[in-house]
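Given as structure tokens, the chain that follows is alone and in the form predicted alone.
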């Protein structure tokens, strides 16, 4: 087949400047008649097929009309977001974070939700990745920042002083005026920057040229910073020596298996110990069972969030929740962990 031969030829090492370069190839194929097809449409279809080949880890893939459905939906969403913001289709919910030592909830994370008249409930997992590399992410992040801080000010007026965390992308941190945007938002709503927590992933911090400097400026402003999804990104341990963040958030994929997987449990204990040794506080995400909660408390994890503790709460319900639940949870006695530790020991022996 001609395509296979072309790919084979292109994959041969190329010598240049005394170095050997090998290409990693994915190819999109479109069958068309030159008399009937628009060149730009052919290129779009070929690009769509190429991306699908990359996702499926195939050397090449022939275009199918079904490939366009996802791309057209994503493109339509990108165009719809500014209007959706203006029409109030977005809202924030807040997931409480438990301070283990205090035995009460002391902070919340703002999570965005979108209910579209056209598409219904749209998952953030679908639309956030689609806009992270576009200018639209700045518009959305500013909306989240102002909405979360306005809500924080409203809670403070009612006597609830809690920190609120807002997720930001690498592109946000690269914005030349991001620190100014954050400062102005805090001033606009009368919220002390110390009550704001900026959450960003390892990838965002370690791939952006300006990211570390921006986080340092935010820290000087008084804003807290957290490294989100720790353990599943680049995990460049050397960077932990000087990251301008105060909290490491261990990704839920490392937390969920610990109750019945000895290696997972050992790894998590090591991460908590490493974080503490380097001067960071450590939060575990995805705490969904009493066993996981108890194990983490026993290991000295500083903070937790997850469905066992609380699902995301609507803005209007946070005040009552925080007042009613602030002393509802305390560390479980170690003696109640007997069966869990026995199960983990059995996993180790196996």
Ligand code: C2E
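Numbering follows the first chain given and starts at 1. These numbers come from a predicted model, not from an experiment.
What comes next is about the form predicted in complex with the named molecule, which does not appear here.
- This chain is drawn without the named molecule; in the model of the complex, the residue among 49, 318, 303, 287 with a heavy atom within 4.5 Å of it is 287.
- Though the named molecule is absent from this view, in the model of the complex it lies within 4.5 Å of a heavy atom of just one residue from 162, 136, 169, 147, which is 169.
- Though the partner is left out of this view, residue 222 does not reach within 4.5 Å of the named molecule in the model of the complex, counting heavy atoms only.
- Heavy atoms of residue 256 reach within 4.5 Å of the named molecule in the model of the complex, making it an interface residue.
- Proximity of residue 128 to the named molecule in the model of the complex: non-hydrogen atoms within 4.5 Å are present.
- Interface membership of residue 217, defined by any non-hydrogen atom within 4.5 Å of the named molecule in the model of the complex, is ruled out.
- Of the candidate stretches 223-231, 149-157, 187-195, 271-279, only 223-231 has residues with heavy atoms within 4.5 Å of the named molecule in the model of the complex.
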